[in-house]
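Listed next as structure tokens is one chain, alone, in the form predicted alone.
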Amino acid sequence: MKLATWNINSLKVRLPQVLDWLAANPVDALCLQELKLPDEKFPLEAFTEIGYQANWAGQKTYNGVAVITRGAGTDVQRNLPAYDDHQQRIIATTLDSPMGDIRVISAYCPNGQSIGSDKYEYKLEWFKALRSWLRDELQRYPRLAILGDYNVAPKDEDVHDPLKWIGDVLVSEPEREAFGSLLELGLSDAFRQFEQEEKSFTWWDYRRYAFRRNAGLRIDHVLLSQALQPYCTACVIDKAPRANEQPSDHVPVIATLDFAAALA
């Protein structure tokens, strides 16, 4: 079973790239962020034509998340139920697997804009609400995966030049602590379960030839519950779409879960 995440930075603009990527990478679930289109504009037919289904939470111009799946999802949850927020940042659905139900969540965490700003405080509050909700979700769904753009580079190794980023959002200690509080629930960063190349990133600014210089950050993550961790056999970053014409500034991250040994 393969689970992937991709901040597509406008599904309207990059729908052909998503469809092409799914044709070449037929994952079981693809979590998308920054749809940047309202619910009624979601291109469901384009996905059903290639054998996929979808659940989504759209928003005009900003935000928006989706989970594109091979099988039908159930018990769909839109946004954090105990946190009043008009921004569309969470969509969750439950999928069948050989091991039973798996809860798959697509998350677009706030950027924070700048340290000390209202948006930064909102980001930290939002992470607290996310943690509280995930604590309850893990009780209901021990097999849980939350994938998305967390807008946090957890450690200096996830930053191309840590000294340059001192004092900026995405790397501040409160943000890293907020990310770490999710791991304290028993979630693990699937990418770091394996030996990886140095300077492995998922986002590069459009400016200053950042992708060409590999001046990026690793801010897109796949977090797996303890019940899923033993079955994760790989987690990789697919940099190829960043070289597309009019690419997203993010690239997909794919985790592979292998249940064969447990079912043998």
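Since this is a predicted model, take the numbers as computed values, not measurements. Quick note: we count residues from 1 along the sequence shown, nothing fancier.
The same protein also exists as the form predicted in complex with the DNA; that form is not shown, yet it is the one meant from here on.
The candidate site formed by R70, R192 and Q226 is entirely out of contact with the DNA in the predicted bound form, as no residue has a non-hydrogen atom within 4.5 angstroms of it. Interface residue remark: R207 is counted as part of the site for the DNA in the predicted bound form, having a heavy atom within 4.5 Å. In the predicted bound form, the DNA lies within 4.5 Å of some heavy atom of Y108.
Contact between R89 and the DNA in the predicted bound form is found at the 4.5 Å heavy atom cutoff.
Contact annotation: T61 falls within 4.5 Å of the DNA in the predicted bound form, judged by heavy atom distances. When the DNA is considered in the predicted bound form, only one residue from S97, S188, Q77, Q113 comes within 4.5 Å through any heavy atom, namely Q113. Between 199 to 207, 23 to 31, 46 to 54, 233 to 241, the stretch whose residues reach within 4.5 angstroms of the DNA in the predicted bound form through a non-hydrogen atom is 199 to 207. In this stretch, 230 to 258, the one residue having a heavy atom within 4.5 Å of the DNA in the predicted bound form is Q246; the partner itself is omitted from this view.
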